[in-house]
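Two forms of a single protein chain come next, each set out by itself as structure tokens; they are called structure 1 and structure 2.
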Structure 1
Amino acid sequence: MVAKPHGGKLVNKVSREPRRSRLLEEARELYQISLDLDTAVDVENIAHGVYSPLEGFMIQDDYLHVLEDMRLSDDTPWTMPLILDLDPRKMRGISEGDDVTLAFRGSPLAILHIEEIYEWDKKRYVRRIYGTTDPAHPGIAQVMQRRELLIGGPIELLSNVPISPNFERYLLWPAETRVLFEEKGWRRIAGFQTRNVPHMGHEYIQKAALTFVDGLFINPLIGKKKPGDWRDEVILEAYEALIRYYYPRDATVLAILRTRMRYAGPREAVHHAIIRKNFGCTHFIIGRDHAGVDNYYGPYDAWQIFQEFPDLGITPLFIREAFYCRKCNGMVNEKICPHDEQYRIRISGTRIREMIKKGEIPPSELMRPEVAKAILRFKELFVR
């Protein structure tokens, strides 16, 4: 049996007919708040249960509990605030208790019932979430651009059609993955988060997990990333090649997670685990420097934070960084390889990037040639 949803119930806030038609009529008469793509995707994720047990954007009590205690006000583990910000100059005519329309590109997307409007301290937010106030941190730059007021309350989605058609064939919602895992007979499912193309180290930890679970859920993050990160389409094609040539048939499911990277290190690692629990995973792979950026977090800080959540309801899999050992003649890690550093070929993402940029196929100790060839078919490789 797949994992229970976080909080015990999979949220479904997608309106159905005939209610949907009535709400659409109402939406055209309500005050309208325009959303950017990232926030519109958050609305979709709320409605489809990706962020269960949340049914909307956080009210202040939940927001503050998450900020300080990494738990919702009812003590459910939760590490990343889910907030909707608004310019106070655009608050005329709306107040707590009102319904408003959340619109994307001029069309009604959802209705939000405003339970609370409140101020927030951005500097306090970044200190607690990112552990730094350095403006060079890409997550902090995102936060400091946000507006001064937050609106909390439940939402109801007005359409079941994804707002972005990109990569729709890879899109599965939690209700769908749960059915799929049941149909496959998978009782133990390991989730894998990624924003990179796969090298031999990724393959090693995925297959290490796959040896003692029934199936592997490869769930690339598709959405806003910092300049220099791999483009979404490159990541997906690279994984298609890896799975086609090097994974047992029916051992994996490849589907996307639409959201943005926050680069919050340990806190985001727990957030990623909760999301995969909602998709039905029983286990979640935590690699080296999960959700990290530059040197803001230690390489294994994301392992340590899970000690604070014995009630998380999904088992973290801590698999050490892999390297190729010429003496062992294969991919290993420090726990199982007794040989000196002179025999070890470390996997460098920077080295792989530089070789790919030059049109070169990295050595087979670093990356599968079929994966490299799939990547090299693209002219644009990285986010600008």
Structure 2
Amino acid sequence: MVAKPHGGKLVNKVSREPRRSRLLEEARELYQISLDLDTAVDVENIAHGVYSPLEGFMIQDDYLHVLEDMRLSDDTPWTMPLILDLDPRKMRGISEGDDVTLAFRGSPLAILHIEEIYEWDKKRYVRRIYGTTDPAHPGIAQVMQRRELLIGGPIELLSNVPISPNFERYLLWPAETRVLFEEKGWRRIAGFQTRNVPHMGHEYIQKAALTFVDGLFINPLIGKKKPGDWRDEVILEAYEALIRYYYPRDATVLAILRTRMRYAGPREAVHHAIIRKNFGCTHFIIGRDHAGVDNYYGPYDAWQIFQEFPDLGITPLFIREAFYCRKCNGMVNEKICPHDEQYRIRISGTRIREMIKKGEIPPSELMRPEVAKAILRFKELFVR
């Protein structure tokens, strides 16, 4: 059986007809809050159960528990606050108990029932979530730009957030992946989060996981990233090539997750695991420096944090970093390779990136040539 949703129930806050039409009419009369793309996508994710058991943006009690204890106020594990910020100058005419329209690009996206409007301390937030207040941290830069008040309450989705035709066929919701896994007869599913093109190290840890489960759910993150990260289209094409040539088709599913990276390292690793649990995964692969950036977190901090959650409901798979060993003649890791460093070819994302930039195909110990060729078909490779 696939994993039960986090908190026991898969949230569905997608409005259906005829209620939807009525709410759309009402939405035009309500106070409107305009959302940016990332927040609009968060609303859509809430409605489709990606963040189950959350039914909306956090009220203060949940927010503070998450900040301090990494749990919701009902003790459910939860590590990343899901908050909606508001400019105090723009809140004339709205108060707790009101319904407001969440709008995206001028059109009603959802109705939010305001349970609470509250102040937040951004410095406290970044200290607790990121473990640093360094403004150079890209996640902290995102937070400090946010507005001064938070608004919490349940939402109801009225419309979908537009998506590029290139990505549309990869967009699956938790209810859909759950049915998909069941139809395939998978009982144990390993989720893999990525924001990179796949190299041999990724293939090694995915296949190591797949050896012990029925199916592999490759779930690239599509959304705002930092300059220099691989573009979403490139990541998807690279995975398509890898799966086409090297993966058992009936044991692999590729689908996207639309959300922004927060670069919160360990806390975000748990968040990513909870999301994949909602998609139906029973296991989640945690690699080296998961959701980290620069040197803000230790390479295996994201492994340690899972010890605090005996009740997470998804099994983390800690798979060591892989490298190619010329003596073993294959991909291995520290635990299974007895040979010296001189025989080991370390997989460097930076080196692969530099070679690709020059139009070169990296050695096959680093990257599958079919994957490299798929990448090289793109003119624009990286986020600007």
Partner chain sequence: MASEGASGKYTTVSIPVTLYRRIKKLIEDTGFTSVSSYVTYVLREIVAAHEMEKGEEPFTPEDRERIIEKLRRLGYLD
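Numbers follow structure 1, counted from its first residue as 1. Only the largest set of C-alpha atoms that superpose within 1.5 Å between the two forms is called the rigid core. Shifts are known only where both forms have a C-alpha. Here the structure is a predicted model, which is why all the values come from computation and not from measurement.
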Label of the structure corresponding to the form predicted in complex with its partner chain: 2
Large-shift segments between structures 1 and 2, meaning 3+ residue runs whose Cα move 2 Å or more when the rigid core is superposed: 159-166
